[in-house]
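One chain is shown next in structure tokens, namely the form predicted alone.
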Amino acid sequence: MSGKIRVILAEDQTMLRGALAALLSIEPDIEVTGTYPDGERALQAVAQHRPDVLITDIEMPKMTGLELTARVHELYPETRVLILTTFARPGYLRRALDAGAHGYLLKDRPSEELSDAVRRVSLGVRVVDPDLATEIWSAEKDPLTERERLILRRAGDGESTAELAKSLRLSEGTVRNYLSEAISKLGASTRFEAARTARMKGWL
């Protein structure tokens, strides 16, 4: 087993998680040391096993792939992160790179590109899906702050101002101010319209 690239896989869809693990395990130089259905368990596994590469989706239970990427980059920088997702949006790519990801690949790419991306990322080479690489430079800049993004995402999912204020330990007025600022920046009329717009652009 010595000399193999050790990989941890975080993917919430059970069938896809198993298929990806099987695909990678065929490669003689890659070892899948664990697969996990949510971001929190994947982070714990990285802490325990210190893999060479973490492959994660963006939409993940308990901790998003972008949050997981940022935590791994901060705490275990020797583990390189490859985002594997369906989100073909420059906004998500920009946020992934800002969070510390070394790679960003779309799930509809040919299967052999995944193992090649794992090898390159393990060597510290940045791998970006070619269809998105050129778009990122002309993409609209994300206007939201991290706090606005958090509050807008949760408000868009249906949390009330009172619920947000309680869980974030803020006053309701402060929460409303954050939401108002986000809504204004996105040129929306309501928090739900703002959340839809931000998701469409890859900012949530």
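Heads up: residue numbers just count along the shown sequence, starting at 1. Quantities reported herein were computed from a predicted structural model and do not represent experimental measurements.
Just so it is clear, the following notes concern the form predicted in complex with the DNA, a form of the same protein that is not shown.
Does residue 166 reach the DNA in the predicted bound form, with heavy atoms at most 4.5 Å apart?
Result no; residue 166 lies far from the DNA in the predicted bound form.
Do residue 48 and the DNA come within 4.5 Å of each other in the predicted bound form, heavy atoms counted?
Taking the distances in the predicted bound form, the answer for residue 48 is no, it never comes within 4.5 Å of the DNA.
Spell out, yes or no, whether the shortest heavy atom distance between residue 173 and the DNA in the predicted bound form is within 4.5 Å.
Residue 173: yes, in contact with the DNA in the predicted bound form.
Close approach of residue 21 to the DNA in the predicted bound form, 4.5 Å, heavy atom:
Judged by the heavy-atom cut-off of 4.5 Å, residue 21 is well away from the DNA in the predicted bound form.
Using a 4.5 Å heavy atom cut-off, indicate which stretch of 174-182, 60-68, 27-35, 40-48 touches the DNA in the predicted bound form.
Result of the contact check: 174-182.
What residues, if any, in 181-204 have a non-hydrogen atom within 4.5 angstroms of the DNA in the predicted bound form?
183, 189, 190, 191 sit within 4.5 Å of the partner.
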